[in-house]
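As structure tokens, one chain now follows by itself in the form predicted on its own.
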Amino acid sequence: MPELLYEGKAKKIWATSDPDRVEMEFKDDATAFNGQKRGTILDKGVVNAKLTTVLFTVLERAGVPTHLVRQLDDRRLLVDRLDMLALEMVVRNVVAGSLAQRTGLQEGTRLTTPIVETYYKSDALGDPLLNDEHVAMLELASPERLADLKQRARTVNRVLSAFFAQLGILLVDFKLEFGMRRGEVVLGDEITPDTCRLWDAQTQVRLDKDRFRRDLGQVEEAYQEVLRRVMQNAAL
């Protein structure tokens, strides 16, 4: 039986016979508001495993290194083991969620220039927003490394915004996590409706975890719709 190395809110990480690689298993469990709200989204793990595979492949082809090796089955990916950085990079193209709450701007306001925010990856502290001085104070990254992470996040945003636009989907905002692989910065974790806000470009209908957060209903249908559009485009 493989060794379970870590279990989080949405995934399990399993050891493999190769010490440089692990298996990442996607669960159907859903959480919101730092775990205060919990539930299950049927087949979310299947959808998220496939979406991460396709989107990381798109990014690799665009020159963005990721930890993806290959998809093993419906829920598991083989990925490179990374030494994860304690920072989360959030890119925002449209005002939504906490950005609306913090600024008073109307949700749905298009930003003339994408904003990249830095968060401290700490469950105990609730993943707080940090400025550059906080990052330096906590010695989480050098100014050069932080600038590099922001630039990588902007590159991912350009690639994925264009990709989703072809599908009639607006990439509102999303979270990225990076780690180190033999001295190289590599994109890790996942890119899914769990970690992105995705709106239908015409109707503004939410196609992401906000449907779970806000009790909007049709959560499974939204995830499946994103997968349907992505796979239709991937087949072209």
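Position 1 is the first residue in the sequence shown; the rest follow in order. This structure is a prediction, so every number in the text was calculated from the model and none was measured.
This next part talks about the form predicted in complex with a small molecule, which is not shown.
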*Though only this chain appears here, would Ser122 touch the small molecule in the model of the complex if you measure heavy atom gaps against 4.5 Å?*
no
*Report whether the minimum heavy atom distance between Arg206 and the small molecule in the model of the complex is within 4.5 Å.*
no
_Taking the small molecule as it sits in the model of the complex, is Phe174 near enough to touch it, meaning that at least one heavy atom pair lies within 4.5 angstroms?_
yes
*Does at least one non-hydrogen atom of Arg92 fall within 4.5 angstroms of the small molecule in the model of the complex?*
yes
*Would you mind picking the one in Arg211, Lys27, Arg197, Arg181 that has a heavy atom within 4.5 Å of the small molecule in the model of the complex?*
Arg197
*So which of Thr109, Gln166, Ser98, Ser142 reaches within 4.5 angstroms of the small molecule in the model of the complex, heavy atom to heavy atom?*
Ser98
_Location of the small molecule contact in the model of the complex, chosen stretch of 84-92, 70-78, 130-138, 147-155 [non-hydrogen atom, 4.5 Å]_ = 84-92
